[in-house]
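Structure 1 and structure 2 below are the same protein chain in two forms, each given by itself as structure tokens.
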Structure 1
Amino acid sequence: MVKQDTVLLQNWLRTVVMALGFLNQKIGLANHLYQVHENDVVSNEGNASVHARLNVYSSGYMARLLDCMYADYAISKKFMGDELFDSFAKAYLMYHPSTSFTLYDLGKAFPDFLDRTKPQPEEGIDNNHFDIPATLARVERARQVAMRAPGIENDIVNTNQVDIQDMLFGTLNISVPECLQLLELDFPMKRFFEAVYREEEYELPSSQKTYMAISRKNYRLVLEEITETQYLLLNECRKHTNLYDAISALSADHNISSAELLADAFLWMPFFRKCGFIQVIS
């Protein structure tokens, strides 16, 4: 008889809890892998059968993690419908078991999973809408990240108007909060996302390259569509502490006139600051 030490018992029970299939199949696999029988492992004193006892852990596992997926991707669930969402979420959980101590990481790879498992487009038919669930989930995940990452709530915020002289002479220091999430998307998502969220009527968005910034200000999430140049500038600002340096770098990398960029950035700054995308350092 195999020695049932703690290592073996934990691996056996882990298999019963996490393996694919129905309870009998899971128990069968665990028994086969560890050369034991459930009746030799689990005490059968009391009213409940060994299978009923194992079922509490086995069924609880998937139900518990599905609840987590429902909370993390509530808007995707509304869009996909309960049945379809459950199918994808269950498959995701089976192929991406949690390896983290926090449930916050559980759904991290779900947008990529939806992308990888979407139906293959048929030739000659426009099936772009198959890309919408993954895009929607990407926006949802970015919102979660923005919700938790360090923001500017505890900073002393400079609210003075930006002086053009400071921009021109390179003395305007800036910082981009960690909670800012920048997304390059294949659909315009803002109106669509908000309509699904509020359970309003909506039309499926048509395929179009768009950019989105999501941030948090005063513990409120801000979600805005931005232009490609705004997207590039905000990305560049992450690498610099001075706005002029960010503009110069962007100008050099993308062959855009720095004078034009300076003029645009001057106009964009109030919007960026209002949304919590950027802050000016005194």
Structure 2
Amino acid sequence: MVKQDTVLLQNWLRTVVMALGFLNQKIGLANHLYQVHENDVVSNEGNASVHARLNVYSSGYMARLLDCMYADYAISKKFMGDELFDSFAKAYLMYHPSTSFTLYDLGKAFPDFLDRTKPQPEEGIDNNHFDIPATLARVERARQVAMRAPGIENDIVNTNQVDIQDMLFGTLNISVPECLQLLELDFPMKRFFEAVYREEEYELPSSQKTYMAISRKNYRLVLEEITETQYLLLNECRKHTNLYDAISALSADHNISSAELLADAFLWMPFFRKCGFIQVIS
């Protein structure tokens, strides 16, 4: 074993641990980049070979990343099963290595990865169920974001107290919490998601355009399916500080009667506030 520069050794070992490929490929890349050989930097004393010693670090790093994926996508793992989930998660980690200071960002692109790597549809056969894992993972990721982002906490205001005059004259000031996640999905996922989470019997959902809102109110996560108009209105509320302006903008952009929107919004507000989708600012 030859004495080497500490920084060089750190970079060499980091390549062995984090580079793509099998262990032999990683070692070969590290040796090429830093012009050293594994026998020169790793002790060969004792029963364990050089490669066995390096594999402890390389496989241990991957195992830690997999543990993070298990935690972030526990419901998807239940649905897909351990073996299938592992195969997709390992492939994902190979092509999306950790690049952030926080492992929370590690699985961010996993739903899109599942969408890109799903089996190709066969002509004349309904393969819509191949889209379910990516959709389920998308809901699960949104749930994680809602859990961590700032929400509406300690709000004990009576949710029925919304003055129609404030809505009509643009004086009902609102804010949308950072935790609100709005999803446009190809399947109705609420009942299916809850059944998988509780390990209850379920049927695979049929393809249907669905809208979902996920938020947190007083430290409680809320997951609800909403209408398309409610989805559009909540998106518009992010751009405005009062509800009337949001309604007016939605009316103009989508050619919807502002009077009808006002009437509907007045009925929806107690539900929105109860679920933590919108907060009224006094």
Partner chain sequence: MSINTKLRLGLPNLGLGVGLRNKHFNYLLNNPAGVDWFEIISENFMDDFGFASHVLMHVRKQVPVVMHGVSLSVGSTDPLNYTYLQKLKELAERVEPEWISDHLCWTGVAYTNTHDLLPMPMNEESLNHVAERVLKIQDFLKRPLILENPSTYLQFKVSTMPEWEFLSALAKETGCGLLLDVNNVFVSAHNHGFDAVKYIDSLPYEHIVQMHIAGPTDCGALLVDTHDQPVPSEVWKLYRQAQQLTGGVSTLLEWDAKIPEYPELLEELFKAREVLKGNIPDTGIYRSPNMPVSNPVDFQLQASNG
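FYI, numbering is relative to structure 1, first residue = 1. Between two forms, the rigid core is the largest collection of C-alphas that superpose within 1.5 Å. Computed from a predicted model, the values in this text were never measured in an experiment.
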Answer check: the form predicted in complex with the partner chain matches structure 1
Is there a C-alpha shift of 2 Å or more at residue 254 between structures 1 and 2 once the rigid core is superposed? no
Q | Flag for residue 29, CA shift 2 Å or larger between structures 1 and 2 after aligning core | A | yes
Rigid two-part model between structures 1 and 2; small part's rotation relative to large part, whole degrees, is 20
